[in-house]
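Shown next as structure tokens: one chain only, the form predicted on its own.
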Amino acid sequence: MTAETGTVGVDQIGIYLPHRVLPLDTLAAARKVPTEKIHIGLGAYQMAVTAPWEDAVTLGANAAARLFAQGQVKPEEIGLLIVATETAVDHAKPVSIFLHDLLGIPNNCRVFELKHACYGGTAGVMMAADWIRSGAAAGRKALVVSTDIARYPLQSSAEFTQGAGAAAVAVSAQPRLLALDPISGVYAKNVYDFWRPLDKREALVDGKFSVDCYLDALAGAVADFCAARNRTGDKNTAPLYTQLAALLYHTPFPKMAYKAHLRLLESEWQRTGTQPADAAAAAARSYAELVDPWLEASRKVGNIYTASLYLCLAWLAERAADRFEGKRVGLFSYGSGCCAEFFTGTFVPGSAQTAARIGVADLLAARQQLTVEEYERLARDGTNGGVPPSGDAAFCHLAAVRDEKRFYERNGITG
């Protein structure tokens, strides 16, 4: 790949995480599950837990408010607002229109909600980038908010892969963070690996099949990416991973990123005929260098569906943008059902200054640890609204649900 990149990309990222977190070793002890099965088998250590006044609307609005509070993007600049979620609050009224109101975004803004399981966030980013490239933006920016709560029944096999959080991504023609390359690779196939019928609060999943679908979609998307790149005349025959400074994967649980990277390496070795003599050692080195450092936030948050990939991107940017300016990274997004996309982007000059404003580490450090009993009580309480305690520094909350209508209030906090 050449060093040149397009001018459309990620201008800024805002992340929001619930203030409550459950250490998974305490949950493992309560469920009589060996801790190593969670720490090693899943690669997970903590999971974010929502309170009754938190839902997909509040998580997304708080992420966007944190983005605006960084001072580089203003609400009045937004001409397209897309919210991606698989935990929507209504079958007809979109999460995005609540955010439009809460955030004070102008009326002349296209607003809608987008769904394709965990792929929805990337679908929104790509749609926003195309909107800007088309000229329809007329100098304005797009705001893509990915917001989700991964929720499963108490004492179920999926309980340890829960989580919650949101990522707000501003997309512009003069990005301050990551310039997106115009080429991407996609893969789609109708499968039932993970789904949530309209009458159910928790999702259904065929775990092993879902892992297989993810890996097949990765191989398909990467193959399509390489084919698309070849059509541009780029004849670089080196394995794709050798051309990238980092690789970020959709991370329903951190061990999935490890499985994904192994599949990518195997596919690239086969495509280029470059498998090393000691493939296992080479894979371990590649994973440790390109993938593992950017999974720390996911290990401490859990699965956040549409926002998962962008939490990894925010963590990389915050921790290492100063070392990555001018370097290209690869990103893979997967959504059950299924659709997947592999794409690349380059950190622009000055991106370290922008990335330093994101604040994921501060969010992680400020959380309150729960006992298993407190977590179970919150799970039983559900999302019914309420008044958060003064220690919950957030922009807004769900105040009440009355007559099947949801009422949100701003807290007067901007970041």
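Sequential numbering from 1, following the sequence displayed. Please read all numbers here as calculations on a predicted model, not as lab measurements.
Keep in mind that the form predicted together with a small molecule is not shown, yet the notes after this line are about it.
S.K.: Can we say Q12, A170 and S351 each have a non-hydrogen atom within 4.5 Å of the small molecule in the predicted bound form?
M.R.: No, because Q12, A170 and S351 lack any heavy atom that approaches the small molecule to within 4.5 Å in the predicted bound form.
S.K.: Choose from 97-105, 199-207, 321-329, 184-192 the stretch whose residues reach within 4.5 Å of the small molecule in the predicted bound form, heavy atoms counted.
M.R.: Selected stretch: 199-207.
S.K.: What is the one choice in K259, R271, K115, R133 with a heavy atom within 4.5 Å of the small molecule in the predicted bound form?
M.R.: Here the answer is residue option K259.
S.K.: Please identify the residue among Y305, Y249, Y310, F342 with any heavy atom within 4.5 Å of the small molecule in the predicted bound form.
M.R.: It is Y305 that has a heavy atom within 4.5 Å of the partner.
S.K.: Taking heavy atoms only, is K37 within 4.5 angstroms of the small molecule in the predicted bound form?
M.R.: Although the small molecule is absent here, K37 would touch it in the predicted bound form, with heavy atoms inside 4.5 Å.
S.K.: If you check in the predicted bound form, is L42 within 4.5 Å of the small molecule, heavy atoms only?
M.R.: Residue-level check for L42: yes, a contact with the small molecule.
S.K.: I'd like to know if G163 sits close to the small molecule in the predicted bound form, meaning any non-hydrogen atom pair within 4.5 angstroms.
M.R.: Judged by the heavy-atom cut-off of 4.5 Å, G163 is well away from the small molecule in the predicted bound form.
S.K.: Can you check whether P175 is within 4.5 Å of the small molecule in the predicted bound form, heavy atom basis?
M.R.: Output for P175 is no: heavy atoms all beyond 4.5 Å of the small molecule.
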